[in-house]
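Next up, structure tokens for two forms of one chain, structure 1 and then structure 2.
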Structure 1
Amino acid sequence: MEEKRYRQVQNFLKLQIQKGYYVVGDYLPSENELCSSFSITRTTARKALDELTKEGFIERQHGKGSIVRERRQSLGLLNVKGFSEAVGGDVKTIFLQKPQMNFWNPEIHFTVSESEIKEACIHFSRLRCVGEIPAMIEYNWLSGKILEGLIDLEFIDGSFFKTLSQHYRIEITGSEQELRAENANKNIAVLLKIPLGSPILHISLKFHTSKNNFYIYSELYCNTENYPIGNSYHI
């Protein structure tokens, strides 16, 4: 079956935004303009725009138009407050381990899906700092079959999710999380430069994606003393 009309329009506009033809604050073409340029009816144009709204790319303004907005920062994933917001801030990411083939590590908290565990696994880990202060350690595991070529790839703007979206056209559609307060073990303490046994926030994540049976598994260890973890949600 051919791709649905509204999804064609939706993806076209999404690509335009991702490529920067429209930037934050810009107005997309009006519903009627989309109608004539794509030879569709308003029902279909509206459906495409409504989907982009759901995905967080645009905001609809009654009487005005559809404005491009800051991509929903969180998607229910918890991100270090000040990490993304501190634009121009002194944020630094250090690879502890560049993407490479690996085992499905038993450290992964959520259960790896049946179809994935049989296949190759890519692992990478990063240390994220604010200024010179290490704030978070991040371990990631994902299917090496679906993200073929990732090992030889430079992340777009240093962002894995951006690479996922633009290079592989895979979007994050949700996540499961589990949070624990723990005492830092020796390894974590050394990397985060904190005393052994300091309270740290351990976040286990399983990201769901637009690709069937493809998940991303992450374990995060955060020093929340200076940079607490922030999250927000709005219907």
Structure 2
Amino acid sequence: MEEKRYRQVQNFLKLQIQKGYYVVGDYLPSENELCSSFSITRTTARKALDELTKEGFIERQHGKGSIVRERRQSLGLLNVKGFSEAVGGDVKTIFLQKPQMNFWNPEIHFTVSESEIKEACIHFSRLRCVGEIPAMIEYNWLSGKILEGLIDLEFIDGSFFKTLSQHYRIEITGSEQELRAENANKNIAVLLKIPLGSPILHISLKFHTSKNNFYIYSELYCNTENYPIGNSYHI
């Protein structure tokens, strides 16, 4: 019974975070407040918060409490550094193709499973700019069976990952990734506004999620001349 109670509290708080009632930087109720609100013991409250910490939703700060953290910081993914920390509000995202039903692209680097191939996929692509300067092109594919209604949905704060979390209750849990140095073809050169054949970084990603057997495949093409690679990418 006690274990069931801590799971209930854990799941309740997780849902509050996913819905945006608690955002990054907010403090959750204290252990004493949770004990009072849920009629639970301090041990149960602490266990619920410990589990949220393990999942990466919060960080326990001694003497202060439990603060909601940016979960993507711990995923070990790759990005064009400058989008989150250096340029802040100057980031501009342009849809090259809004989400639509499509076919799985043979250019996806990671192997798409037979069960996924049997289902139609959703594809969308975007151009990421710093001010007016294009810095990265992203192409994304995912199973169309899982995210019902995505085609007609506006991304929450322009973030696909935030939409996954708050609207579908699906979290990104990790990734497989491969990097390759390439020369820009005509299409990439035009979009990134660089000379044909310029060196670019091609990043292939297979995102793992909290939904069983649901993956997101991404191909990124980055102009790293002004924006070197950092350690946290998010769509």
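Each residue is numbered by where it sits in the sequence of structure 1, with counting from 1. None of these values were measured; they are calculated from a predicted model. Just so we're on the same page, rigid core means the largest C-alpha set that superposes within 1.5 Å between forms.
Visitor: Could you let me know which number goes with the form predicted on its own?
Guide: Answer 2, the form predicted on its own.
Visitor: For residue 166, is the C-alpha shift between structure 1 and structure 2 2 Å or more after core superposition?
Guide: The answer is no, as the C-alpha of residue 166 shifts between structure 1 and structure 2 by less than 2 Å after core alignment.
Visitor: Relative to the superposed rigid core, does the CA atom of residue 17 travel 2 Å or more between structure 1 and structure 2?
Guide: Shift of 2 Å or more: yes.
Visitor: If you line up the core, how far does the Cα of residue 26 move between structure 1 and structure 2, in Å?
Guide: Between its two positions, the C-alpha of residue 26 lies 4.0 Å apart after core fitting.
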